[in-house]
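The chain below stands alone, shown as structure tokens; this is the form predicted on its own.
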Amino acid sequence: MKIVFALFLAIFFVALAVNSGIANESGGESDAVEASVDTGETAEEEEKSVPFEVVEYRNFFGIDGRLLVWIVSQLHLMFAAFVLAVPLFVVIIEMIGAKTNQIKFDNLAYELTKLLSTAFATTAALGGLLAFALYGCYPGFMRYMTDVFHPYMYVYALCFFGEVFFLYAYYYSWNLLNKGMGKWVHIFLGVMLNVFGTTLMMLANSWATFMMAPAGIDMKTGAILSRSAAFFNFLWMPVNIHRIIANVAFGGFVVGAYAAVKFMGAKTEEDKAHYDWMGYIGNFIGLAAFIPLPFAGYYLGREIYSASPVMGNIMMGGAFSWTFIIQAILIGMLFVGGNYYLWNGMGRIKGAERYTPYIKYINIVIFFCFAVWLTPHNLPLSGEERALIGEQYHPFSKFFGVMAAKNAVVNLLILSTFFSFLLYKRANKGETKPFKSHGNTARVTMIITVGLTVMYLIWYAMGLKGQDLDAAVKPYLSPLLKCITIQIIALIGALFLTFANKGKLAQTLLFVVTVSISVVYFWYYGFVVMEKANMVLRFLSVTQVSIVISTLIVNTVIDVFLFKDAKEVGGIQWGKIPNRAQYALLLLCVAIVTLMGLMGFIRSGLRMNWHIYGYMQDKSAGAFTPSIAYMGWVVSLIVFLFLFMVAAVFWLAGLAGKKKSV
């Protein structure tokens, strides 16, 4: 060691001496040549100096900026969807536990919140990365967006702090505020977490929808005329509604997949029972939110078409039409997988054998709907194939490829899945109690439910009647008004039948009337209006949706009171579900993540080569609409990255401690 230290000192002093000599030499020489060097260096610096220019686009170490922003923003959106959705149903689960004094609900809510705390940090990190990517790769565009939205950006930052504060207050005060009034104070913290989280999402949505449907600016000069108009732009609310419902479905299926993995790795019967129950809750939340999602999607699509017919035509009839075939496959997988899980779950319920024969019929209906929904209008045919057929479209399948058929089958698909839910819910129930035995609360609830749905249908019918349409087209609205009238009569009839203790008959009446109108008749009438009054098709679709929703709402309330306090015919054997049902939960997770990635591409891709549609064009090298194959690779990469990251996040959350027993 002494020798090494001595060598180190020697080298150090030699180096110091050499440097000093060089410095002295440099100093001596510098005096001699100072004037000439100064003159030369100044000239050289002036020659090298380049005036500052505003850069509009940059790449990221050779990676196209658009691709980088695409991947980072989609990953951020997926994690954001999870941390937004989970608190929504965690608070409800905790409230159920507090109301019923069942500790298993409280433990489940706490376990899900533990996942949330870890995922939130990842979401925030991805959000920061996205901001850096946007400002780094698109400085010109972001400068304009900052000019338009800068007051809201401060609000966004404040909401972010609010969400962080209430998240950690909610998580860390769980044991402290666990009894009496403290529990409701804790639930209040959870509600505030949701308020800040939802506000945060709506703020960010205004920026994304402004890019699709700009408002409040001069479309020629870009001058800002009204910031509030830019914020409350035409597509803001449709996207808010669609995203909230989609996020809940997304969160539910991700939780279901987490439970499935835990179930298959569980070593004890107690753990299997716990994660079986958690998987059921996740699937229930996912499917319950997924049922109204096509309606919200249709509403958003219709509003996109209204905001820009060009964008609407591109979406439904242009390059993006094939992406909707992929979307149909994914949605069909979600419905099939969700129903398959429910049917497997019925195997662990004693008494469910009574309803097993219905499953095969539901199965046939779902696969028929699935097949019709994914059938494209025009097929990629060769010249020879087209010559053999004699036209561009297949003579038979072309009837299944248009909106009239697709609207009919998606409504039938939703009604079938809802019917599966009803069978599952009553699988363990035996003899029901008379409706009268539930008292005035049940009567008032039924009257309010039917009253609100009838009032909505009347309000919609009046709006339909007041439509300013061409005299030749307006008569085609009359059948829609008659169908609404029939549905109102059926709803009132169902109310009286329920009061007369014939709840099952009331539900059957509503199912029969709704299927006859919304599926059978509107399927036929859709082709009529497509041929003779295409403008009416959009009103027909909304009428179809309104009638189906009214049936779902009223039938749900009838079912609640029909089986309230009903005698149980056998217990549910949690943990006795086969592993194939867990694979269905994993499939649902992969399908919803892929669907989220695909729809993110479609929503942003509809702007094509526009940053802000109709005003600011994207002139970067990456401003092109990618091919289906390219899109598929990128979305697959995003799905892989998200699943890998979320698995790592859940693994880290599991290190924090073991779950409490139910």
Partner chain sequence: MAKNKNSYSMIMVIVSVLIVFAIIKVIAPYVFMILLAKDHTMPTPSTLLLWYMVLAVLASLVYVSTSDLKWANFLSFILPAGDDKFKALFQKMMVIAFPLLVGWFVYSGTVPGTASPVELRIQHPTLLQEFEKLENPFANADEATKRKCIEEGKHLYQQNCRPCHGSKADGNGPFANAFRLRPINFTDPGTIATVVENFAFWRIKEGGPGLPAVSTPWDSAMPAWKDVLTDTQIWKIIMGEYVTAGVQSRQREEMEH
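This structure is a prediction, so every number in the text was calculated from the model and none was measured. Positions refer to the first chain, counted from 1.
Below: the form predicted in complex with the partner chain, not depicted.
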item: One stretch from 182-190, 202-210, 254-262, 370-378 that, in the predicted bound form, holds residues within 4.5 Å of the partner chain by heavy atom; value: 370-378
item: Contact test in the predicted bound form: residue 363 vs the partner chain, heavy atoms, 4.5 Å; value: yes
item: Contact flag, residue 389 vs the partner chain in the predicted bound form, heavy atom cut 4.5 Å; value: yes
item: Partner contact for residue 531 in the predicted bound form: the partner chain, 4.5 angstroms, heavy atom; value: yes
item: Non-hydrogen atom contact residue 247 with the partner chain in the predicted bound form at 4.5 angstroms; value: no
item: Contact residue in the predicted bound form, chosen from 324, 166, 284, 393 - any heavy atom within 4.5 Å of the partner chain; value: 393
item: Selected contact from 308, 118, 240, 501, since only one has a non-hydrogen atom within 4.5 angstroms of the partner chain in the predicted bound form; value: 308
item: Any residue of 579-611 that, in the predicted bound form, places a heavy atom within 4.5 Å of the partner chain; value: 580, 608, 610
